[in-house]
Each structure stands twice: as structure tokens, then as C-alpha cells.
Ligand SMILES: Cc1cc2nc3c(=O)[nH]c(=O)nc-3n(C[C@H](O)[C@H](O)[C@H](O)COP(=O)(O)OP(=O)(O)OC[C@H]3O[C@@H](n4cnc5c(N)ncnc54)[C@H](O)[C@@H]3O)c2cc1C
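Only one chain is shown below, in C-alpha cells, and it's the form predicted on its own.
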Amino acid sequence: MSAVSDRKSQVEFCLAQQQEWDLIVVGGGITGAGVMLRAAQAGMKVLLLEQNDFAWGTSSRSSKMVHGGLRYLVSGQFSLTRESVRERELLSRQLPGLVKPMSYVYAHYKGKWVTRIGFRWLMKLYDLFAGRRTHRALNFDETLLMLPGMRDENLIGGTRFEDAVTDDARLVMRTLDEARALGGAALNYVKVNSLIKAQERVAGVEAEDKETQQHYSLRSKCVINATGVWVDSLWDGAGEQAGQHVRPLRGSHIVLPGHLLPIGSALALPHPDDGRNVFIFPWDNTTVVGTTDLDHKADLDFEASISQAELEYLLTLVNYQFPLCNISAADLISTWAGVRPVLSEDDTVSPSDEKREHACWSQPGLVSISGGKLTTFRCIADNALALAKECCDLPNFEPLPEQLFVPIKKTLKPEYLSTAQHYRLRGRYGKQLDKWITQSINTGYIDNSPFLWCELGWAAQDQQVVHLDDLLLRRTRIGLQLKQGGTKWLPEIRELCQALLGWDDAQWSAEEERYRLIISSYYSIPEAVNG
């Protein structure tokens, strides 16, 4: 069965039958995926609808970090930091190979002794939340060994600590896969246009399949609105009643070839211009610099992209901290920008000073969620479901366990996979890997990326790919990790995937044109956007 016919059958099964769902989740980012999984674990009949692709928004364009957030600790957000560190520990244990420990270094310079002493105390508290010690002091030589080429004038040493890194889009897909295995259903490119109301109570949604323009009326006992920056469109002003509103904040990143800035740890440091904390960190075979924090005024229905000012801001940081590298815009592989749904009470507050807690609001039959972090998606989902239980006619369910993902039993490694490949694939695909691993697979890497050719085939055949950008930007990340979005490999990708996707030559050509436009418009340097 091709991807086209498979999607058609899924849509017909989920939408065409007249049934009442226990829960409809609107939004296919990490928050919506988490709600779907927790609801499925509670035995609910749950349907998730996403107007674009899964993880299309911020959940594929985050900083990829599963972390407590030291700056939240600095600003006094102790409960958020404690919760985040705890969730980091849980995810690292439950998703080995997908959520991976990463060492971080904070460099200390002469004349900053107050900062140095304060940082040590922060790290003690950070490790106390984790229940284990991860930090230690580094001397001058040890710091430069971990971060070769770093500015060493007045350098005293550093502090090493630990957080984690992930592939955010794959984390969303893995979460959805676990929910589907428990009977949940999820559809991309199905837009919820409005709510159905009966006697002043939300009783379902009016939805449209964007691929066929067919409309559906779907009934449910409860609707959870997990649409991130779009939450206002369905929440009927509940946030404003609570004195808060969603403030869309853009965070942009630049991606460099790893060999141009080869670092073994993430570097957390203040920007020389404004003192904001920014990260330079290794991600697969690349080095990423980010993030910015600015009000996003553009239309939210269009993908966000980096501005010229943001590009210069991040390049200034790199060249200040690594003066011998001489990095320019021409060296970049790609850029990306995401829009965070930050809850605000006062837009005059600096974006970087806004709090990152989530909030839930309810009205009969509807719960809306916004704010929060990638790391704490389990807690956000549980809060939303607890509120839904109070205001909606949901089946009774017991408190949910901490175990979010089904433990994967150790299996024999096929001889054609290296130990590292097998470990990584297990983390990325979980039990789904079992149905592919016995097949004859192409274990060659796609250019200078960690992705195998077989992963493209798996995605095209079995992971609800509707457009080429779904395949290359979210099911795999080669659109971010290869120059020009990996377009030089499109002939080989076409040979492997076209039949699996069920596209004729005209559709492939249209998809290729669409993909090239997306890469040049939203994932390249600003000159390419404007030129």
C-alpha cells in the first residue's frame, strides 16, 4: 500500500464513521502528542488532529535540548527548574538513543568571580533536583580541551555539567507511535475550523481535510486545544480572563558544519552585546548556535525564518568566542526559527525575562493549554487531563504512571548494523523497528548526516508523509543538516521513495518545487530569502 492510499484509508476510518470520541486533541506538536499518549494510556478513545504536519511548528524547531534550564533557576523559577530536571532524568532513562546526555561547559573569566561563585551554588541546586552530581570544575587546559579554539584571554577555567539533547520532531513521532499502539488515532493536514456546541457546551469539532477539502463533523466528550501559538483561535478568550495572553516569541538558530567548529560539549555563555545566555552545541555532525528571543510579528500561518539582524547577532557571538574560526554566513549549512507560545501578563517585559510555565484553562467540554517547555510535556499533558476530568464527561481513570514509554526489550543486533546504529534506531523508532529490522535495508549514510537511506524508505512507506518537506525536514532532518536542504540528493531520494509515496511524475515535480521554495524561504540565510 502506498502512502497516499494508506492516508486515505486512515482518514476514512477516523473521520467518516459517525462515532463519539472520548477525546479530540487539536494540535500535533509535542504537547498534543503527549496528551494523546496519556489519554490512550488511560484507556480513552482519542483522536488527534493537526492542521499541518506533525511537529510542523515549534516542536521541530526548538533548540533540541531536554534540560532544566539554568536561566530559569537564575530568575527564581525554582519549581519549573525542579520539574524540568526531573523530567530530563525520566526521559533519558526511558528513551536511550533518542534523548541523549550531553555535557555542557560554562567558561569562567577573570574579573567575574561573583558570577563564578554564584554559578557553583546554582549547580549544586541543579544537581540536588536531579538526585545525582553531574558538575565539576575544569582548569584552564581541561576547558580548552573540550572547547578547542575558544577565546582564552583571561580564561580561568570552566564548570562542566550535564543536560540532554534530542531530535525534537522524532520525539513527537515516537510519542504518537506509542499512542497509536494503544488504540489512539492521529491525522495530519486535517484542520479544525470551529467547535461544535450543544447547550453552551463544546461537543466536538468541525474539521476539514486540507488534502481533499472534505469537511467532517466530529463528536467528542471533550476537546483539548493544544495548538501552541494558535491557541487563541479556539479558547474563547479564557486566557484573557485569567489575565494572560499568548506572546509569540521567535527563537532562531544557525547550523555550521561540525568540522568548522569542532566542539565536544555544549558551551553556555553570555552574548558579548547584551549578556543574554546563548548556546553553541554539537548536534549530530553539525554545530548549532542559538537561540535568539524576539517578538514575532509575522503571520503565524507562515513558517518563521531568521532575520538579518538575528543572523549577525549569532555570528557575532561565534566569532567573539572562537576568534580563529572566522565564520561567515557563506559557511552555514542552514538556519531555522521557531515561535514559542509564551504566556505573558505584560508585553513590556523583555522576551528573555518572560516566564516559561504552562497554563491550562477550561470551559464546559473544552480545555486549552499553552506555554511550557519541550522537556515537561508529560507534566503538561497530565495537568490538562486532570482539568478535563473535572469539566468534561470523561471516563474515570486512575493517576497515570511515570512510565511514559514502553520499555524496549534488548534484542539481538543484526550483523549488518553497528552497535551505534542499532542503539540510535532503537531510540528513534522503538518497537516499530521490529517490523523493519529483519528486512534487507540500506545502511549507507545520506551524505554527511547520521541518517540511513533505509530511514527514508521507512518514513515514506509508513509514517504519514504527505509532502516532501515532511520527509526531509521532520521524519528525517537532512533538510537541516545538509547544504541546500540536501537537494543534490533528490534524484536518489526520488528513486527510493516515489513509488512508496504513490506519487506520479507530475506530483513528484510539484513536491520538489515546493520543497526547494521552502528551503530557500525559511531555512537559508536571509540573503537567499530576499534574493
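Note that residue numbering begins at 1 and tracks the sequence as displayed. Note that the coordinates shown come from a computational prediction; the quantities given were computed from them, not determined experimentally.
What comes next is about the form predicted together with this ligand, which does not appear here.
Taking the partner from elsewhere, Phe405 is found to have every heavy atom lying beyond 4.5 Å of this ligand in the predicted complex.
Proximity of Gln41 to this ligand in the predicted complex falls outside the 4.5 Å heavy atom cutoff. Using a 4.5 angstroms limit between non-hydrogen atoms, Thr175 is distant from this ligand in the predicted complex. Contact check for Asn52: a non-hydrogen atom falls within 4.5 Å of this ligand in the predicted complex. Note on contacts: among Met102, Met123, Leu260, Val339, the single residue with a heavy atom within 4.5 Å of this ligand in the predicted complex is Val339. Contact with this ligand in the predicted complex, defined as a heavy atom within 4.5 Å, holds for exactly one of Gln464, Ser63, Gln498, Thr487, namely Ser63. In summary, the region of this chain contacting this ligand in the predicted complex, judged by heavy atoms within 4.5 Å and restricted to 394-402, 185-193, 326-334, 443-451, corresponds to 185-193.
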